[in-house]
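Here we start with a single chain on its own, the form predicted alone, put down as structure tokens.
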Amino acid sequence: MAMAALRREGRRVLLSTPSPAAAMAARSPAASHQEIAPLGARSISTQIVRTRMKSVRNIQKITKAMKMVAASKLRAVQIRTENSRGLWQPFTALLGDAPSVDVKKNVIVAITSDKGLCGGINSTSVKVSKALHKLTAGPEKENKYVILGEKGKVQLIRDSKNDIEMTISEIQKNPINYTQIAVLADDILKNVEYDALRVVFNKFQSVISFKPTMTTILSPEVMENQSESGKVGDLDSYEIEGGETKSEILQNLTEFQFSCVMYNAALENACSELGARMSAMDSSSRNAGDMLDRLTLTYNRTRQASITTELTEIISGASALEG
């Protein structure tokens, strides 16, 4: 009987004509906004939660796709990186490595990536480059930067704009090959005056780890002086065939050593970038999943509260009609 009275009351309300003021109030955006999310209310609109859930779900799809793309590229680059390590290691055995050599003109070659979303790999290279710049600075010394990668350029240009000698970007637009890197290395050697080239890059160790590394290439003049003093490899102990002089041989060795080191460093950094991007996108996907779970719980609670409120109003109305 109470439900029959409630239905009669509902028909009476529907048949009654609303006033113009009430109609305008019902059509006003403020009234609709208050209906969705009243000011000071503890609950939130289910429509807002659904929109947020949709955006988080789309972001999760993007991060998963980026992780899969990085994983598909990583294996091929990793094989080429491991093979490239055999190019520059004989130079270390022949000429040695002198990271602590004191020269007047230092050129720091910082290798970074062109794209972001790969963790702190670029920040690590920039920090090591800045620390090396500060360590080798002096009153009569000249330190310059050669930057490979857009991300390193953006970070170093803020406080070291006057020290940047050369910038190169988009070297990873196509798969890295030795011919491409040899042209870049020759361009650097022709346009930059140096006594020591210090190449800073991230050496790939595993998908979740990389190691900041520096390799030093000395100019032929400095190499000859260091060789005579016994600080680097002694070339006089080797038999030289042909009509070339020692200076010409050192010049050719320096150019070839720099191109091999640059080739390996570019591949090592690219491999580290893909591994870091895989880890970053995996973490982002898991965080998006956790956020989606929390939003789903909020949505279910809000919907349940709305249904409970409607049932309470119906029961209260029916009780009032019975009384």
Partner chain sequence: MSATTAAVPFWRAAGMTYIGYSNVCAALVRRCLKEPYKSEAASREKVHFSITKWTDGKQEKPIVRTDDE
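Residue numbers count along the first chain shown, from 1. Only a predicted model underlies this, so the values are computations on that prediction, with no experimental measurement involved.
Heads up, the form predicted in complex with the partner chain isn't pictured, but that's what we're talking about next.
Proximity to the partner chain in the predicted complex, defined as a heavy atom within 4.5 Å, singles out one entry of 199, 132, 184, 207, which is 184. Of the residues given (214, 76, 164, 117), 164 alone sits with a heavy atom within 4.5 Å of the partner chain in the predicted complex. In the predicted complex, none of the heavy atoms of residue 224 sits within 4.5 Å of a heavy atom of the partner chain. For residue 259, a non-hydrogen atom is located within 4.5 Å of the partner chain in the predicted complex, even though that partner is not displayed.
Among residues of the shown chain, residue 137 is not one whose heavy atoms approach the partner chain to within 4.5 Å in the predicted complex. Contact between residue 179 and the partner chain in the predicted complex is found at the 4.5 Å heavy atom cutoff.
Listed stretches are 186-194, 82-90, 117-125, 103-111; the contact stretch with the partner chain in the predicted complex is 186-194, by a heavy atom cutoff of 4.5 Å.
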